[in-house]
Structure formats: C-alpha cells, structure tokens
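As a starting point, one isolated chain is supplied in structure tokens, in the form predicted alone.
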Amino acid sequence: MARFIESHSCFDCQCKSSIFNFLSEPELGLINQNRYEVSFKAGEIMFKQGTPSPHFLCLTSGLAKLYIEGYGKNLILSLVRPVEYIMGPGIYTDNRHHYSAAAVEDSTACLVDVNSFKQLIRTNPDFADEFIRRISMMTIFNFEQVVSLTQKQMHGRIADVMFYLSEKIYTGNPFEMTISRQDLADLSGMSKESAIRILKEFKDEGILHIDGSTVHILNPQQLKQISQTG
C-alpha cells in the first residue's frame, strides 16, 4: 500500500512542476501547508475511478499510467512522467475521479488539497492561465488518441505507441520499456495477443529490435509510414 514519506519543503524542492513557478511565496506556502508526500510501489493504485477526489497529485519520481476501467478491459489514456500533475475534470463537476491512476514504476508523489488549488486558480490569473493551457494540451492529445484508436488499423496504432514511448515518455531510441505488454495493448486499444503479434512482425521485418525490455526503432521512416497510412 502507499506509504507516507518524509516531507520536504516546496520552497527548496527540486522536483516540483513548473506550473508552481507562477505562484508568489505566500501562495507557494499555502500549497506547502496543504500537501503530503507518498511513495507507491510499481503496480499500486494511486487513485481509483469513481472514488472521491479531495487531492490532486503531482508525480515527483517514477512513471504512472492513467486509464479508464471499461467493460472487462482497460484503456490507457496516457502515461505521466515527473514532474507533472494528475488532476481530472471531476474536481470541477462531481468531485469524483473519472479515471484511475497506477504506478508503472516505483514512484513518489505529492498530494495537494484540491481546495487550496482552487483558491489559487481564483486569485492568481497567471497560474489559472497556465493551468488552462495544460488542460488544453491534454485535451488535444486525447483527440489525437481518439483518431488513432478509431481510424487506424492495429499496425498503425502500435506504430503510434512506439513513437509516443520513444519521443514523449522515455525520450530516447533505443529505450527501456518499463510498461508491460498488457499496458502496451491497453494503450493501443487491442488485445495483448494482437499487440505481441504485431511487435513480432515489426521485429521480423527489421523495423524494431526488441531484446527483453529494450526496444530500438531501427527504421523510423518505415514506422512513420505505417503510422500515417494506418
């Protein structure tokens, strides 16, 4: 289960989200007084879909996944790297989580009282503007995900996920894939068996080299063409 860890001060923290740069010293002090730090083991639930949302979560280390629990299977909306915050639309509607979050790797996070956050949104227009900008970027990403999942064939979806992991999550090529094959399938909206089969096809065709958890995109041009043609 999640564990409380020794709390550091927001004022000298080296791993806080850049959105907090828009806060004055007293405003940052408000956040500092209304938060606590928690550690999660890989696989642990950070919060569950349908439960109350009294806090927003700022991931300070590790890797997390956000996913919708559907009818018998999950759909991963995105992966979250440090230092980013996780906050759903429920804080301004019904105070419920509308998706679940789980640690992919051993992770740490700050949980901040949502009422303190709302107070800063109301009183600090620059902070509110940056918050809206980030929510808008997340919405655009979700639109792109919808296009990939609904208009592309399975090969195109796996190609999109490979680029997403390489460019946005692990920021390298080759990269060490810490998500499971099931997570890969849940990101691309298909069965685990289908995802593994397509990965093997890409490997046999020399598009990818896969050695355990290490993935190397050998032919990004061909993979991009597969992504574009779907």
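Start at 1 with the first residue shown and count on from there. No experiment lies behind these values; they were computed from the predicted model shown.
The discussion below concerns the form predicted together with the DNA, not included here.
Interface residue among A102, I91, I121, M154, judged by heavy atoms within 4.5 Å of the DNA in the predicted complex: M154. Among S191, S61, T171, T51, the residue placing a heavy atom within 4.5 Å of the DNA in the predicted complex is S191. Q182 belongs to the set of residues with a heavy atom inside 4.5 Å of the DNA in the predicted complex.
Though the partner is left out of this view, I196 does reach within 4.5 Å of the DNA in the predicted complex, counting heavy atoms only. Judged by heavy atoms within 4.5 Å of the DNA in the predicted complex, the contact stretch among the candidates 30-38, 197-205, 158-166, 53-61 is 197-205.
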